[in-house]
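Take a look at this one chain, the form predicted on its own, written out in structure tokens.
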């Protein structure tokens, strides 16, 4: 963006007076709760900030600019911690990850025009993954809307397809209530991003109206409990199943239903498969866990999906990376589908037993109706046998370049179970999901549906702040990134340094857009068009230039020491792992193929 700010005369005057007086910006600690409580609402902008405070918002991520300047000016007097990001896309990803870890909507801000459009990728990402985000965007004054004014864009029109709902603020007296409603709506029912577009005349206009608490719209009443007769019928189907499988999606975690779901699976002895967004909903070291299914899921998870006679799916939308060919997905199974969004029922996969409602409450309903557990002893033994037949392993000859799987496992061994892992998108994302043993919810933070390269680093910043504000300052945050993915948002390293955030970035560097190169080798006769870099910057030295610590690793015997030193460093650090450029991600189900036909090497594709 060539220009962001369009300073008002008032803003220039205040800046000048402040400088002449030698005043320094106040810290968050200096902005006391008493000041916040005593500060009256005087403008639309202060009403916006008061609405955020009423909603319990503690942090926001954004980039300043002309049309959003009144809101930022009001934030100056607030206790809300604002993190100035290097780019608006980074702000949206940081807010997304903050919300995932903390279990509440994350908040991001941007100015009009390019500031708003730069948020779009992050909003689309959150929309695809049903992550709760509230975006506040500046807009040109109301009487200039539609005139192609400086930094004007139709933010409502642009973001309508990628938000749960958006609002154009039209009145200073009601703008605070609108922001509160948007915040509540983002986290209610099926979560998702909401946006409020804020014309500058509305945020600058006078109002003394203090917004009330954040409330969703009266017309939004998601169904929380399933029909009791439908529950009864589904319970009979589960009791009579011989080869049942529980499929836990991201909705289990978003509904805070993890403990309920785990208890149901263990009490009834039903094997568990997760989706990628559902990673962490069930401990991967439990005997019943088959890890995650889909294109690069485990062979044993895909075998269980293929041969089950009853799939009990909870909080999943059956995306194509999970199902492969829909016609061949779970071909022998009837399907129980529990989801809070009725639009997802039978959208991609037919539900024989549809149960609309909150994941935890519906599982409790089903459990209460269960008269006995299914007789699945032989089925569980079969699942264990598949684990032994199709283990997740790899060769790591000492005379070859470092294998990325080895790096992921080394980090896993060196860190506590509650470590938060964020990733970009590509091969590194798959290795990080395959070779790390996830035991807790909200520890896996990634871009699933949209597949956004560059998500990992800003997500680590959001996750770090969320952990800190939850009192987990000592909690470890690791970002696995690829060289291509890291290059897309690495400027956010400046934010991590400025904010002194303790995060460790592991760049699995193969000097390729690795997943594209893998597909070109498999399906395009090795014609590596625009997938090879042939040259990459030295990420360890770039990290040092940003003010972070950096290491370069080329050999196996350097891995453990570099990880130990990076984890011990209290601040942002980057390890540039030069991994085997020929390594590919397996298992792999070809796009649209049956899940049971997973390949363990390229010649099987």
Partner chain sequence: MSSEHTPENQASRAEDTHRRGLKGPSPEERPHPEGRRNSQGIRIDPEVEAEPEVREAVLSALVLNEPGVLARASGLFARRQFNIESLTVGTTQNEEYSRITLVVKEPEPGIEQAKKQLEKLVPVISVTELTEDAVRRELALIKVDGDHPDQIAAVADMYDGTVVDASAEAITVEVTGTNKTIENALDTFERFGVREIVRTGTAALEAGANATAKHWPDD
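Nothing here was measured: the structure is a model prediction, and the numbers come from that model. Residue numbers count along the first chain shown, from 1.
This next part talks about the form predicted in complex with the partner chain, which is not shown.
Student: Considering the partner chain in the model of the complex, find the one stretch among 234-242, 348-356, 196-204, 254-262 with heavy atoms no farther than 4.5 Å from it.
Tutor: Among the listed stretches, the partner-contacting one is 348-356.
Student: Considering 453, 513, 335, 501, which brings a non-hydrogen atom within 4.5 Å of the partner chain in the model of the complex?
Tutor: Of the candidates 453, 513, 335, 501, 335 is the one lying within 4.5 Å of the partner chain in the model of the complex.
Student: Would you mind picking the one in 222, 212, 217, 103 that has a heavy atom within 4.5 Å of the partner chain in the model of the complex?
Tutor: Exactly one residue meets the criterion: 217.
Student: Would all three of 84, 472 and 487 be in contact with the partner chain in the model of the complex, where contact means some heavy atom lies within 4.5 Å?
Tutor: Not one of the three qualifies.
Student: When the contact criterion is heavy atoms within 4.5 Å, does residue 146 count as touching the partner chain in the model of the complex?
Tutor: No, residue 146 is distant from the partner.
Student: Does at least one non-hydrogen atom of residue 327 fall within 4.5 angstroms of the partner chain in the model of the complex?
Tutor: Taking the distances in the model of the complex, the answer for residue 327 is yes, it comes within 4.5 Å of the partner chain.
Student: Quick check on residue 570: any heavy atom within 4.5 Å of the partner chain in the model of the complex?
Tutor: Judged by the heavy-atom cut-off of 4.5 Å, residue 570 is well away from the partner chain in the model of the complex.
Student: Is residue 76 one of the residues lying within 4.5 Å of the partner chain in the model of the complex, judged by heavy atom distances?
Tutor: No, no contact at 4.5 Å.
Student: Could you run down 176-213 and flag each residue that has a heavy atom within 4.5 Å of the partner chain in the model of the complex?
Tutor: Read in sequence order, the residues that approach the partner chain (within 4.5 Å, in the model of the complex) are 185, 190.
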